[in-house]
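First comes one chain, alone, set out as structure tokens in the form predicted on its own.
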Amino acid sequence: MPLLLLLVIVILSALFLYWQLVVAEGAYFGKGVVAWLYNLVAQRYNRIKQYDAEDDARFLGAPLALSLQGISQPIVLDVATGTSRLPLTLCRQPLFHGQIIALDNARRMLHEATQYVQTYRDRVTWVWQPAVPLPFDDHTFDLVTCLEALEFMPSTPAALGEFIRVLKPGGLLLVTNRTGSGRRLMPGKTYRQEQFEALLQSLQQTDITTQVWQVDYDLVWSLKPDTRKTCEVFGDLTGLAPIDLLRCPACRAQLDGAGDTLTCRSCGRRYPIGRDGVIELLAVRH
């Protein structure tokens, strides 16, 4: 093989791997590779991102706390929580008096989250589990959020469908939509604004509002319709501990806790709780 051709192949291969592993963050290789990459950078993730606490409070924490003000004990689900940026800014809001379940597919990111949000450990429950399927009953949460993550999941429609399924009628959904030049570098994984809003409409979401946020992301707010028919199908969850809301990912039955293990009432699968307090649904024991 001529040296020049070999050099071209090496360069193209390097560019391809850079696109797939750095730009697309493993999205085209599946959720396992995405989790692996995030686990690699977990300890320095916050230094890379350099979150601004004031901006997070202004665009995330304060508006979300205000939207939940009429609910005495709101229950929040943050999907793909990473190091729990959103739970941290929400817990810092004086108006927020609820509980948050923070879920992610990358175990080391969750460990970092337990340290990053150490002050509010009594208000946040961390769960190691991907976004599809979500281990909760229908109509469970007053608010579901997912930031900077949809394009890295196997299917955006499937993930959004799960978010909406576990959202209470009348509940608020906040997600992000990739914008700018970064969107064009992930064909098949991203949506133009009108496409994304149409997708939410097809899932029966209402009051859809797109808000310019960061260079590469818009915030997209929407509501799950609240009708008498849907309101009648979910019970009062007031007073339940977050761990009581979890369901077995395999059969959707309730889980019983004993020590550092949760056990499914139906299929008997056992799920450990890590020393850092993370509920490890992906570490199932039969």
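When you see a residue number, it is the position in the sequence shown, counting from 1. Please read these numbers as outputs of a predicted model, since none were measured by experiment.
The form predicted in complex with a small molecule is left out here; the points below concern that form.
Peer 1: Would you check, heavy atoms only and a 4.5 Å threshold, whether V34 touches the small molecule in the predicted bound form?
Peer 2: Contact check for V34: yes, within 4.5 Å of the small molecule in the predicted bound form.
Peer 1: Just to confirm, Y51 within 4.5 Å of the small molecule in the predicted bound form by heavy atoms?
Peer 2: Within the cut-off, so yes.
Peer 1: Does W221 reach the small molecule in the predicted bound form, with heavy atoms at most 4.5 Å apart?
Peer 2: Looking in the predicted bound form, residue contacts with the small molecule do not include W221, since no heavy atom lies within 4.5 Å.
Peer 1: I'd like to know if Y28 sits close to the small molecule in the predicted bound form, meaning any non-hydrogen atom pair within 4.5 angstroms.
Peer 2: Because no heavy atom of Y28 falls inside 4.5 Å of the small molecule in the predicted bound form, the answer is no.
Peer 1: Taking a heavy atom within 4.5 Å as contact, would all three of I101, F136 and T140 count as contacting the small molecule in the predicted bound form?
Peer 2: So, no: the whole triplet misses the small molecule.
Peer 1: Looking at A106, V76, C91, V166 here, can you tell me which has any non-hydrogen atom within 4.5 angstroms of the small molecule in the predicted bound form?
Peer 2: The residue in contact is A106.
Peer 1: I need to confirm a contact call. Of G170, P157, P154, G182, which residue comes within 4.5 Å of the small molecule in the predicted bound form, counting heavy atoms only?
Peer 2: The residue from G170, P157, P154, G182 that makes the contact is P154.
Peer 1: 76-84, 200-208, 113-121, 91-99: which one contacts the small molecule in the predicted bound form at 4.5 Å, heavy atom to heavy atom?
Peer 2: Contact-bearing stretch, as computed: 76-84.
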